[in-house]
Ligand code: AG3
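Here we start with a single chain on its own, the form predicted on its own, put down as structure tokens.
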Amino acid sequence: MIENWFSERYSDNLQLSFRIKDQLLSVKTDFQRIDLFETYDFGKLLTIDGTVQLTEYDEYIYHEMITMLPFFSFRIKPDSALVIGGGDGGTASSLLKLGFKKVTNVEIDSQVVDVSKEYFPEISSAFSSDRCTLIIDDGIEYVKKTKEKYDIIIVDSTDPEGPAEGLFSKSFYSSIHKALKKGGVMVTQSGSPFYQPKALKLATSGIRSVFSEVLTYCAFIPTYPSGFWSFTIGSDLPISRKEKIKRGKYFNEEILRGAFLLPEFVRKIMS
């Protein structure tokens, strides 16, 4: 019996492999290669340039942690949010569930959106809501030029390679700062501390150059490198947690407290 596998290589000596039932799609866009697989254990699997972006069975962890944790950690008003990247729609959909009145999602690659609408309709449901505005554009240029002010800006990007490299730059974080309302909050995914320390270093150093309050937190995401993933927050105000915490499938009050407790090796990367 022939078995088919997709593997994401983390180093010369280690990779994570998924046994797959079928490859549903493979397309080369103007920016990247998109592949879609049907797996045995994790449902549909979306990859970009050979790296796992999401699976049906564990995507909720990433999307809850990049939205719910900053929202309940700070007194962010659920009025306006900006998502840079996030073409699968999961981050925007999570923000709408939190009650945001207006979400703007800027994604550079329209084909990521098209694939997500077709194969992940529930995850990408925000794109059919009148509270969400989808803009196909370069997120870096959009933030630089926008006159809008947002309560929260979320950078839901791929790793700092290729078209996403500029999303980890100091100039980009400076543009984000200008696009936030007073007391607003930004959050970015900052990679695997174990296998991608470069992403965490770039995020923390860049955000520290602009914001007075910088915090990193972590979550367990089974299909991401090492299963240990980081996010970094920037704000000009300290944490001021909301009184009532909404639970998710992963997120709860204990996660809100514990996610900021970092291993020593992560602290050293940040310093």
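Quantities reported herein were computed from a predicted structural model and do not represent experimental measurements. Note that residue numbering follows the sequence shown and begins at 1.
Same protein, other form: the form predicted in complex with the named molecule, not shown, and the subject of what follows.
Of the candidate stretches 50-58, 233-241, 26-34, 209-217, only 50-58 has residues whose heavy atoms lie within 4.5 Å of the named molecule in the predicted complex. For the options Ser157, Ser80, Ser175, Ser93, the one in contact with the named molecule in the predicted complex, meaning a heavy atom within 4.5 Å, is Ser157.
Relative to the named molecule in the predicted complex, residues Thr67, Phe100 and Asp151 are all farther than 4.5 Å at every heavy atom. Contact check for Ser124: every heavy atom lies farther than 4.5 Å from the named molecule in the predicted complex. In the predicted complex, the named molecule lies farther than 4.5 Å from every heavy atom of Ser73. Thr188 falls outside the set of residues with a heavy atom inside 4.5 Å of the named molecule in the predicted complex. Although the partner is absent here, Phe42 sits far enough away that none of its heavy atoms falls within 4.5 Å of the named molecule in the predicted complex. Residues of 240-264 include none with a non-hydrogen atom no more than 4.5 angstroms from the named molecule in the predicted complex.
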